[in-house]
Every structure is written in C-alpha cells, then in structure tokens.
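One chain comes next, on its own, written out as structure tokens in the form predicted on its own.
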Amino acid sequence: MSVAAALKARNASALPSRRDEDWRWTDLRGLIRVLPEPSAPFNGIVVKGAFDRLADDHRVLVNGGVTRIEVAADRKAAVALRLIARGAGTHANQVIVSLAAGARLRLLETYESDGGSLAHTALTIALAEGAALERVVLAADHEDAVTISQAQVTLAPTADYGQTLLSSGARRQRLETRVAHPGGRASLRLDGVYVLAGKRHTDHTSVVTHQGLDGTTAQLTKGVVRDQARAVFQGKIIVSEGADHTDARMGHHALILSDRAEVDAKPELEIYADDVACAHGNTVGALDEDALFYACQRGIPEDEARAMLTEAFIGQVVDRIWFEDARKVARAWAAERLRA
C-alpha cells in the first residue's frame, strides 16, 4: 500500500517501514503508531513566501487540496507553489503539472509547517516535446513535522527538465522523484542540497529509467549534517535494453560535522545496454582540516571559516540552478543555515 492509500484508509499499519527496502532508512510505521486526526480547514492569513516575488502565478494549498498547472504550447510561466501545513493534523495534496510542446515553466515550490503535522504531496509532471521546466524546491519544515513529497515525472523527446531540492529536514522528511526518460535527446538534471542540525531527518530518493536512445542525466547532491541529524540519499539510474548512447552521471557528497550525525547513501546503476557512458560517485567525510587551518592562519575565526568552507562545498550545486533569482534565494537559504 502506498503512503497516499495508507493515509486515505487511516491505516497506520500500512505505512512503509524498514522492511520495505526503499524505505529502510525512513521508517514511517515505526514512528507513527496512530494517525493524527485530519487537518482542520484553515481560514487565517498566509504571509508571503520565499519565492512569491519571482512568480506571476501563486498557488497556495493549506492543509490539503488539489491544483492543476498547465502551460500552453510555446508559452512561458513562473508559478510559486506553496504547500503549507497548519496544526498537527493529517492531510494530502495533489499537484498536476502539464507542459505542451515548446512550453517553458519555472516551478518554485515550498513546503512549510508549524508543528507536528503529517502531510503527503503527490505530484504528476508531464513535459511534451521541446518543453522545458525548472523545479526548485525549498523544504523548510518544522522539526516535529512529517512530510512526504512524491513526484512522478514523464518526459517526451527533446524535453528539458531541471530540478534542485533544498531541504533542512524534519522529524521525517522524504523528497522522492521518479522519472520516465524517453531518450530522444531529452535532458534531465536532478540536484539536491541538504543542511541538517539537531535531530532532523531528510531523505532524497530518486529513480530515473532511461527507455530510449540518446538521453542524458546529470545528478549531483551535496549535504552537511551536524548534531544528531540524519540524511538519506538513494539514487538509482536504470538504463533499459536498447537505450544506447545514454549519458548518465550521478554524484553524492556529504560532510559530517559531529560524531553523532549520520549519512546513509545508496547510489545505484542498472545498465542493460552496451553503448553508454554512465558513472556514479559517493563520498562522506569531514571538513578538510588543511583548508580550515589555512583559513584560520589568514585571521578568519574558526567558526566563520567552517561556515565559509561548507558554503563553498554546497555552492557547486546551488550554482547549477538556471534561474538566477531563484539561485540567489537558494544561496541565502544555505548561508543562513550554515552560519546558525
């Protein structure tokens, strides 16, 4: 049973658990014994969001709802999508995104909560031939919240999809992306940044299935964890039989800044075609002590030097965001958390 079905049936025993391979590091069933009551309708005032000034179309779902975003052929749009949880209830969101041939969309998405809510968001994203979408996600949840976001992305030949996930964790937080890649000179970028402290948990999970000739995927995730925080990275790229000339590359790199922090990483490649260029890499370690020493020798206080080095470490991912104004928001978000 899926997360959405478990919530709809109000059956906590059907939630994913560590017995499910894909969820073994983000155990919901062991955490949630009884589902909270449904979230109450919200009629209050919602203040402006991080991306509001960057979009001309604003969609706000508070404590659940459905929204559809459609961009006509050869048109451009920028949408600020806010998924907000108020109170400690349970609710679901559904987001349907459709781009016609040649359409362009900037989807600027935020997750916000103020307490121990349980929220599930299902996104369906479809790009027609020649369409382009950049999705920038800022998951700024409350430390007691449980947030699950699952995106199913379908690309057509020559489509261009770019994504950057920025997360600060929660009691449990999972940002999942599954992509059906047709080849046909379609291009995919899947990036992520996480900055965790306290006892926060985040999970970046993705599955990309290359189904045809001449497709590209570039994936880079970097993170920083401290205190007793825990990060999970699961990335799988599948190159199906006949998907020759695929170029797929995945990298995950993390810094652990305390002895009790944890990073669980599982990068995977499954290749059933011969003529491909595929690679993956994974590193988990501490700050470069030599670089820290040299920074301190130049008169920079140690705490500031650590912040500068970690900011530069994740800056490589932030700099890959296409939309400059969104890149500035992401850079400020990262700097604020790293210097806290």
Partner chain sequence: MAAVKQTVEHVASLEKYKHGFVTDIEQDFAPKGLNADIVRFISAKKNEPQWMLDWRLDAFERWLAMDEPDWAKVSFPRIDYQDSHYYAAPKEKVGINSLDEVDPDILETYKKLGIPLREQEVLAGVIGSPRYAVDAVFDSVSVVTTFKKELAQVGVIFCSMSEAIREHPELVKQYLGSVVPVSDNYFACLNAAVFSDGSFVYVPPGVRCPMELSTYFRINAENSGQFERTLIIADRQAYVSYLEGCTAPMRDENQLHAAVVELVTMDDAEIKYSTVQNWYPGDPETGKGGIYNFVTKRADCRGDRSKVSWTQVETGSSITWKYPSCILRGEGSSGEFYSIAITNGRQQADTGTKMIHLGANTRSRIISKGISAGKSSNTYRGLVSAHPKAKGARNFTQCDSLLIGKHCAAHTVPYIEARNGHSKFEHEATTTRLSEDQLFYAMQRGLSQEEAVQLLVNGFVKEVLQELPMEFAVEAQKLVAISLEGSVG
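Numbering follows the first chain given and starts at 1. Only a predicted model underlies this, so the values are computations on that prediction, with no experimental measurement involved.
If you look for the form predicted together with the partner chain, you will not find it shown, but the lines that follow are about it.
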Taking any heavy atom pair closer than or equal to 4.5 Å as contact, tell me whether A305 reaches the partner chain in the predicted bound form.
no
Even though the partner chain is not shown here, does E324 get within 4.5 Å of it in the predicted bound form, heavy atoms only?
no
Is there a non-hydrogen atom of P267 within 4.5 angstroms of a non-hydrogen atom of the partner chain in the predicted bound form?
yes
Taking heavy atoms and a 4.5 Å cut-off, does N63 contact the partner chain in the predicted bound form?
no
So the partner chain isn't shown here. In the predicted bound form, which residue out of V46, A286, A40, C296 has a non-hydrogen atom within 4.5 Å of it?
A286
State the residue from E143, E129, E262, E176 whose non-hydrogen atoms include one within 4.5 Å of the partner chain in the predicted bound form.
E262
TL;DR on 328-336, 6-14, 19-27, 312-320: the one with heavy atoms within 4.5 Å of the partner chain in the predicted bound form is 19-27
Residues of stretch 244-259 in contact with the partner chain in the predicted bound form (4.5 Å, non-hydrogen atom):
D244, I256, S258, D259
